[in-house]
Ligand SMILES: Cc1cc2nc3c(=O)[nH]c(=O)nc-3n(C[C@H](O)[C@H](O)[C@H](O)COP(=O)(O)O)c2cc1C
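The chain below stands alone and is given in structure tokens; this is the form predicted on its own.
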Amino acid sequence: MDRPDFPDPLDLFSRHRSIRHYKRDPLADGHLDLIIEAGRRAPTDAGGHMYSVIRVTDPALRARLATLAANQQHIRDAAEFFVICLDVHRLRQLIEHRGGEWGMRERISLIYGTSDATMVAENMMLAAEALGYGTCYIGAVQNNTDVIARELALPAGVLPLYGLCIGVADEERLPPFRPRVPRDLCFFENRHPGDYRAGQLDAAYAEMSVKRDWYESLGRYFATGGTMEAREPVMARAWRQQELEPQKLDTE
């Protein structure tokens, strides 16, 4: 049925961009609760709700976290900053409270906790953008995951994954809309195609290289010596610290 008065739901997605320059304005009354409720309504596997969200309101703490997360000023400036966490600590306590024995091992905890937390964060982001705010995920939380876990007093079974800035965008410093990977490289029918043809990879670089060669960004993050390689030992320490390091199983 045609609904000419109904807004295009895809318009919200097409308008998304990561905002790194914010005004110091607070969120409007009631909007924080709407954003949090949107997060709480996110899908969850098996009713486990394996996430926690830390709202950081202490300016000194937020400044320390900004420094730990690549010294990003927008963490300090945004009206709201949240740290999104995988959390199986609460779930374990719920099981043991009723006399059950905790049976969820580390690999599954990491996978399902990450997926639950990510869906909560995505719902919060979408709700914030629908209300007219700017948002930005902060992956650099993973630069110092173990230290940030201690800063936030996270118990075993809780792991910070990334941050989320929400606030009033500085409209004079909006970034351009960024392209996305060509559809034929990421959406398939029935099965994965395996290796990509050289022409497809070249087309992806052509599509994604707007201001500069896309490889400059990919190499900086994902090639040898890049950011992701540097995060590997940090995450290993954090897994051990938060008691989430996968243990060798008898079946291996």
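In case it trips you up, residue 1 is the first one in the sequence shown, and so on. Remember, it's a predicted structure, so these values are computed and weren't measured experimentally.
The discussion below concerns the form predicted in complex with the ligand, not included here.
**Student:** So, in the predicted complex, is Arg237 in contact with the ligand at a 4.5 angstroms heavy atom limit?
**Tutor:** No, Arg237 stays farther than 4.5 Å from the ligand in the predicted complex.
**Student:** Is Ser18 close enough to the ligand in the predicted complex to count, meaning some heavy atom within 4.5 Å?
**Tutor:** Answer yes; at least one heavy atom of Ser18 falls within 4.5 Å of the ligand in the predicted complex.
**Student:** Check whether Arg173 has any heavy atom within 4.5 Å of a heavy atom of the ligand in the predicted complex, and answer yes or no.
**Tutor:** No, Arg173 stays farther than 4.5 Å from the ligand in the predicted complex.
**Student:** Just checking whether Gln72 would be counted as a contact of the ligand in the predicted complex - the rule being heavy atoms within 4.5 angstroms.
**Tutor:** Yes, Gln72 lies within 4.5 Å of the ligand in the predicted complex.
**Student:** By the heavy atom within 4.5 Å rule, which residue out of Ala121, Ile148, Cys136, Leu91 makes contact with the ligand in the predicted complex?
**Tutor:** Of Ala121, Ile148, Cys136, Leu91, the residue with a heavy atom within 4.5 Å of the ligand in the predicted complex is Cys136.
**Student:** Within 4.5 Å, heavy atoms only, which of Ala140, Ala127, Val158, Ala169 is in contact with the ligand in the predicted complex?
**Tutor:** Selected option: Ala140.
**Student:** Specify the contacting stretch among 82-90, 150-158, 107-115, 176-184, defined as having any heavy atom within 4.5 Å of the ligand in the predicted complex.
**Tutor:** Selected stretch: 176-184.
**Student:** Judged by heavy atom distances of 4.5 Å or less, which residues of 142-171 approach the ligand in the predicted complex?
**Tutor:** Read in sequence order, the lone residue that approaches the ligand (within 4.5 Å, in the predicted complex) is Tyr162.
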